[in-house]
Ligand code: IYR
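Below you will find one chain, with nothing else, as structure tokens; this is the form predicted on its own, and questions on how it binds or moves follow later.
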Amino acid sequence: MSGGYASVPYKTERRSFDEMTDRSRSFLDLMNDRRSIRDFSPDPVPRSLIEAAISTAATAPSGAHRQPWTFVVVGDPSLKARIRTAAEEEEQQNYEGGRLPPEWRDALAPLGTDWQKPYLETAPWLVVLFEQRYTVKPDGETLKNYYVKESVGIAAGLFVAALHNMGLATLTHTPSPMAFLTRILERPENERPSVLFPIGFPAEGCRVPDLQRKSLDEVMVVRDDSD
């Protein structure tokens, strides 16, 4: 391998196909139970668990290995209240102020969502994932980042999976526009908010829509002449 990185042996275990099948089914069953929730318990969650999930997310592949993400962890009640107020102001304009086109409102209607976001204060933690449009080195030099949205999207998926794996719940909240998060959290010019994750335990009696996911045949196309 050419370039500036030294090469090291790839550590992996070659498993039997039976074991691989068992592991794949167990993980599928685990993730198939995952749901986005909007009714959180205020019960505390150790910050170490949030840090572990972020560490997992940060293992994601990224363009040119630039790792163009920043996870801002918010536990301060006053900051959470400011974020809720700002998010609701934007969302009220979306739902009631005409910013959302009719087809979008129709698509959201079965989920029963509205502009009110009390969970942004109830959940013990908020994590805001920022994408780094470019990297700023300690000496002030800037470096272009590549495939930023793709890289951050993969990291977000690993983050959600890590949280669910440990028994926590979350919601991928994307209020639009999101510039208020940059302002409230005092992030630098090179960062742009991507996803806001409220994180905690589901509230007692929490209910979620009875959604059905698309079947494998609906989401996969196989092109293999050997079949």
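Sequential numbering from 1, following the sequence displayed. Only a predicted model underlies this, so the values are computations on that prediction, with no experimental measurement involved.
What comes next is about the form predicted in complex with ligand IYR, which does not appear here.
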Is residue 88 a contact residue for ligand IYR in the model of the complex, using a 4.5 Å heavy atom cut-off? no
Does the 4.5 Å heavy atom contact test between residue 134 and ligand IYR in the model of the complex come out positive? no
4.5 Å heavy atom contact, residue 113 and ligand IYR in the model of the complex: yes
So in the model of the complex, does any heavy atom of residue 175 sit within 4.5 Å of ligand IYR? yes
Which of 143-151, 68-76, 126-134, 113-121 lies within 4.5 Å of ligand IYR in the model of the complex, heavy atoms considered? The stretch 113-121
Contact test, all of 82, 180 and 195, partner ligand IYR in the model of the complex, heavy atom 4.5 Å: no
Which residues in 10-46 have a heavy atom within 4.5 Å of ligand IYR in the model of the complex? 38
